[in-house]
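As a starting point, one isolated chain is supplied in structure tokens, in the form predicted alone.
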């Protein structure tokens, strides 16, 4: 028996793959730590007649680690209808496994078109669930998880990014984004500018050796990463409106000061943005202060 804790050899070399019905199988792969590969996912890869991949170099390394040699075909943002039809042709009588470079397929990738086409063609679609960077990051963020909105990557251009943040900023849910190291500072600055002091988490390199989870108010994180370009895969989580940790004394003092120079509605808007709290609640408190309550 191997002493390697990550030994994923699939039994004896001569043992045939477990029989699996024809169809399309959506299979999650590890986001970093190879120990997260499920046994069922390995069985599906072993049985695959064709593996649809984002990048054959990435999946090729995983297959090599598992001791498998499989035919691969690219399937990504630039794939054509003909590429999709070719996968469906195999899935009608054989086993096609769809994987992403890491984690669960269809999360921020075009796989849904393949799934939809397979269902319309009467081809069975099944899944071997597993690792997902979104869920992994949420589970250790310390932010509310009962309701969340996954928004993928924000646009890179400032105007488009600002419009996207404005569109979802008032949704009463935790917001989850993917981000890259070179863009993180600008994204945090934009979120801080528009959403104020909401609590947020930067989760980087999850399940890997250099995993890092940093939490704080958006302005603090924007300052931290302004001149630092972190490496690796990043999930950025922003708490919902009203979840910022606000010192009541500071909040009251700031609101009273704002009311000395601004009308209640404008003061409420400014303070809500600064402290990352619900604007309607701030306005209600502003009116109470104006009436002497």
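Numbering follows the first chain given and starts at 1. Since we're looking at a predicted model, the values are computed, not measured.
The discussion below concerns the form predicted together with a small molecule, not included here.
Colleague: With the small molecule left out here, work out from 213 to 221, 183 to 191, 97 to 105, 82 to 90 which stretch has heavy atoms within 4.5 Å of it in the predicted complex.
Modeller: That would be 97 to 105.
Colleague: Residue 148: heavy atom within 4.5 Å of the small molecule in the predicted complex?
Modeller: No, residue 148 is distant from the partner.
Colleague: Using a 4.5 Å heavy atom cut-off, state whether residue 118 contacts the small molecule in the predicted complex.
Modeller: Answer no; every heavy atom of residue 118 is more than 4.5 Å from the small molecule in the predicted complex.
Colleague: Under a 4.5 Å heavy atom criterion, is residue 127 part of the interface with the small molecule in the predicted complex?
Modeller: Close contact is absent here: in the predicted complex, residue 127 is far from the small molecule, nothing within 4.5 Å, heavy atoms only.
Colleague: Should residue 132 be classed as touching the small molecule in the predicted complex when contacts are defined as heavy atoms within 4.5 Å?
Modeller: Taking the distances in the predicted complex, the answer for residue 132 is yes, it comes within 4.5 Å of the small molecule.
Colleague: Just one of 206, 195, 114, 175 has a heavy atom within 4.5 Å of the small molecule in the predicted complex. Which one?
Modeller: The residue in contact is 206.
Colleague: Looking at 267, 26, 45, 31, which has any heavy atom no more than 4.5 Å from the small molecule in the predicted complex?
Modeller: Result of the distance check: 31.
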